[in-house]
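This document opens with one chain alone, in structure tokens, the form predicted alone.
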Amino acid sequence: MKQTWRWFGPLDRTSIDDILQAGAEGIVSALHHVLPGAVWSADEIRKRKMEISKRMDGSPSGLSWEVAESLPVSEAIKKQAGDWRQHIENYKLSMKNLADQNIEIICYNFMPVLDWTRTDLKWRMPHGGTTMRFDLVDFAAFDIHILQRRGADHDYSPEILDSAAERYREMSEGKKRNILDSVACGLPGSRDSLALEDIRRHLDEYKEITPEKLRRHFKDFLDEVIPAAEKIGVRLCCHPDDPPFSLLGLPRIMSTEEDYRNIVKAVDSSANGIAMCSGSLGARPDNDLPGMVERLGHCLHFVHLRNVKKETSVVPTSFHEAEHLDGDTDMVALTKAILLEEKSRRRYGRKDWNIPIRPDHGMDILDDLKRSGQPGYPSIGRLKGLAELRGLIKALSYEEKVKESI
């Protein structure tokens, strides 16, 4: 596995020097200052590549930009509204500009309105560090009583409705603001967040879009961009919904293995692939992650390794970000499945056998607590996660070598 690290650019509190010291072998980045639907220009891509290639003292870093995450799909494309056709043409041009700079893997998602969603970005753990949490009761209180979405009370069980009403009655103004800020913080790396009126406007625009209609829009998008990706030699991979169930009445179409399978079948091409995010998919008890790699690994282009602790065994559920090796997902079995997929690719001579992975998210620990970095992306917490994953990879790889020598 190629061990990579997500970097948000020069304003990131984690520097290229820090990433080198963490032992990462490549960089995952994006042009977060470019609005969704606009073109990633050749000049801006070259600029980001140059920033990645140098340490703070100007000497070569030896690191390269391995994965573009995310080249965002605009809301216009998802809704097929406004300038959506021009946005698709812009997407194709952005892909070409990335390909011209030898960036071959492009990760994206098709989540309406909200990207990953949490209700608390700094939930305190027993050891004193903080992590991100999705509290279903808090979210229901936000949805019903703060956002006041019409029909929201039909989307929750009677138990959740009662708990949410009680929770809201006890909320301070500060707690209400914290939940809004957490839910509406926007795309990772974005400097913008959504206000209540923005969310209401988006929801109104989606009220006629069913899951089936959104899937059709997704296929229309793939029908346009995948042939272009094949021609220029890039591979696209779709990130799952986070969390992997409907929020605010919005359609979610990348939450389960069946969703993944439908997208792969929609446009049969080696350029049309999937991104495995073990934390997103792991928030559903009915997702078998090692099995998904075994069955769909041939179209796996990129992996996020992180873990979550689910607080119930139903869907939807509350959950929080856990230690990389200590959540509900069997990280040993998942990592072994990925290594076996790589072995299979080497056997068949695939050039893309070395699958890029990155330690996704992490708890804020030690000096992270003072840095105020990008939510979910602490320096030391991710370093700890990468170290644990590296040890796991090393041990499993050694075990495989021993078996082969016998």
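Residues carry their position along the shown sequence, with the first being 1. Predicted, not measured: the structure shown is a model, and the values here were computed from it.
Heads up, the form predicted together with a small molecule isn't pictured, but that's what we're talking about next.
Student: With the small molecule left out of view, choose which of Tyr156, Trp123, Tyr168, Tyr108 has a non-hydrogen atom within 4.5 angstroms of it in the predicted bound form.
Tutor: The residue from Tyr156, Trp123, Tyr168, Tyr108 that makes the contact is Tyr108.
Student: Trp116, Phe218, Tyr206, Trp84: which sits within 4.5 Å of the small molecule in the predicted bound form by any heavy atom?
Tutor: Checked against the cut-off, the match is Trp116.
Student: In the predicted bound form, which of the stretches 311 to 319, 100 to 108, 157 to 165, 288 to 296 has residues with heavy atoms within 4.5 Å of the small molecule?
Tutor: Only one stretch qualifies here: 100 to 108.
Student: Counting only heavy atoms and a 4.5 Å cut-off, does the small molecule in the predicted bound form sit next to every one of Glu69, His239 and Asp360?
Tutor: Contact check passed for all of Glu69, His239 and Asp360.
Student: Is Arg284 one of the residues lying within 4.5 Å of the small molecule in the predicted bound form, judged by heavy atom distances?
Tutor: No.
Student: How about His324: is it within 4.5 Å of the small molecule in the predicted bound form, going by heavy atoms?
Tutor: Flag for His324 set to no.
Student: Would you please decide whether Trp65 lies within 4.5 angstroms of the small molecule in the predicted bound form, comparing each non-hydrogen atom pair?
Tutor: Flag for Trp65 set to no.
Student: Should His304 be classed as touching the small molecule in the predicted bound form when contacts are defined as heavy atoms within 4.5 Å?
Tutor: Taking the distances in the predicted bound form, the answer for His304 is yes, it comes within 4.5 Å of the small molecule.
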